[in-house]
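One chain comes next, on its own, written out as structure tokens in the form predicted on its own.
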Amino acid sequence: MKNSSKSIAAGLLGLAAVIMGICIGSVMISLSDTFSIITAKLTGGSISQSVDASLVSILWEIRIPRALSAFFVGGALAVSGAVMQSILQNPLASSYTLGVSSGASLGAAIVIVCGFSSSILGFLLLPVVGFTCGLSTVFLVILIASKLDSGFKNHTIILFGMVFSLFVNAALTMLSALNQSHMQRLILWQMGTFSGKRWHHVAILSVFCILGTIAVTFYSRELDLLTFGDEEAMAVGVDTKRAKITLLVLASLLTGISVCFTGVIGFIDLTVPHITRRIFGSSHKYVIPLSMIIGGSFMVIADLLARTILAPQEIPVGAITALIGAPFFLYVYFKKR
């Protein structure tokens, strides 16, 4: 099957995953009612009287924003992971390698523990602080690595990323231990959840995810060349240091916006790029956009399982991504060997 046909299949998979995430739950909503409600909301028409009013509220105010949030977060993490693996030439690199999640978690923990509030930012205070701290960690890693290693080698970036990540995690652990009254909320935030997501979350996540993916796609050629090593990329005229910094910042933006709104959700950023390459090849003009679609689909299904397996109790979505991601990754990886 050619990549064009596979791309169409991936798009249909994404659409099917979102529809499942919308329709399935503690209250089942039929496809006909779903399309009727969505059509009426988008066109401003009237909803059929046969549709229960409570279903309209559940679908439009809860289910659709949650499913779309999961899709864009999964897509952003997958694209970020694909970038990290390519520019660092490390199959185990992920979007959290440079400490984005650790920095964001520490920022969020400070807001939660200190009880900060803002009449200007409102609900955006926690995401903004988390996002800022996550990016600050990355910029600090890039700054120190570039100063100590003029060649900006991959092992230097990974080493300093791991050191900063461990340091920030230690600070976060101490903060949690000294403020046990907030520990449950801190732990829940670090495990990741899409509960309570609304349309304003979807708007912010979708803009960052789509624009970030488009921006990364423009660097597909550089990513292809960096995969073979810095020397090969420089030989054909690629400014490797500038390209790496730009791509690292873009990847960190995608990870940061995801983490600060939903908490830390792992595994998708590590596995989805490998799955995408195994199915569609290594060309990044396919890997980047299709990683977004597959990662988004995977996250929607994981969130669906997280809220339905033990309903009404909800399982952390990070646990689901690891439980179903590991076996699926192994199946896809070894299938063609």
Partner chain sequence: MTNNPLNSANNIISLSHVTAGYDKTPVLQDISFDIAEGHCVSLLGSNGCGKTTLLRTIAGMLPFSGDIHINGKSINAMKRKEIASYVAFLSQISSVYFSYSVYETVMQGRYLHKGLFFEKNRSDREIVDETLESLGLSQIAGKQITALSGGQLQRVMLARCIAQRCPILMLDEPMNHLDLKIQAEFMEYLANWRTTTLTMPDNKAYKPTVIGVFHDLNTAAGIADDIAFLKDGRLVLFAPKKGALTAERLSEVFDFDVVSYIKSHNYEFT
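Predicted model, so just to flag it, every value in this text is computed and none were measured. Numbering follows the first chain given and starts at 1.
What follows is about the form predicted in complex with its partner chain, which we do not show.
- The candidate stretches are 53-61, 275-283, 292-300, 28-36, and the one lying within 4.5 Å of its partner chain in the model of the complex by heavy atoms is 275-283.
- At least one heavy atom of Ser86 is located within 4.5 Å of its partner chain in the model of the complex.
- The closest non-hydrogen atom of Trp199 lies beyond 4.5 Å of its partner chain in the model of the complex.
- Using a 4.5 Å cutoff between non-hydrogen atoms, Val113 does not count as a contact of its partner chain in the model of the complex.
- Residue contact with its partner chain in the model of the complex: Phe167 places no heavy atom within 4.5 Å of it.
- Distance criterion of 4.5 Å from any heavy atom to its partner chain in the model of the complex singles out Val238 from the list Ile245, Val238, Leu124, Leu172.
- Residue Met234 is the only one of Val207, Leu188, Ala177, Met234 with a heavy atom lying within 4.5 Å of its partner chain in the model of the complex.
- Contacts of stretch 187-217 with its partner chain in the model of the complex, defined by any heavy atom lying within 4.5 Å, are made by Thr217 alone.
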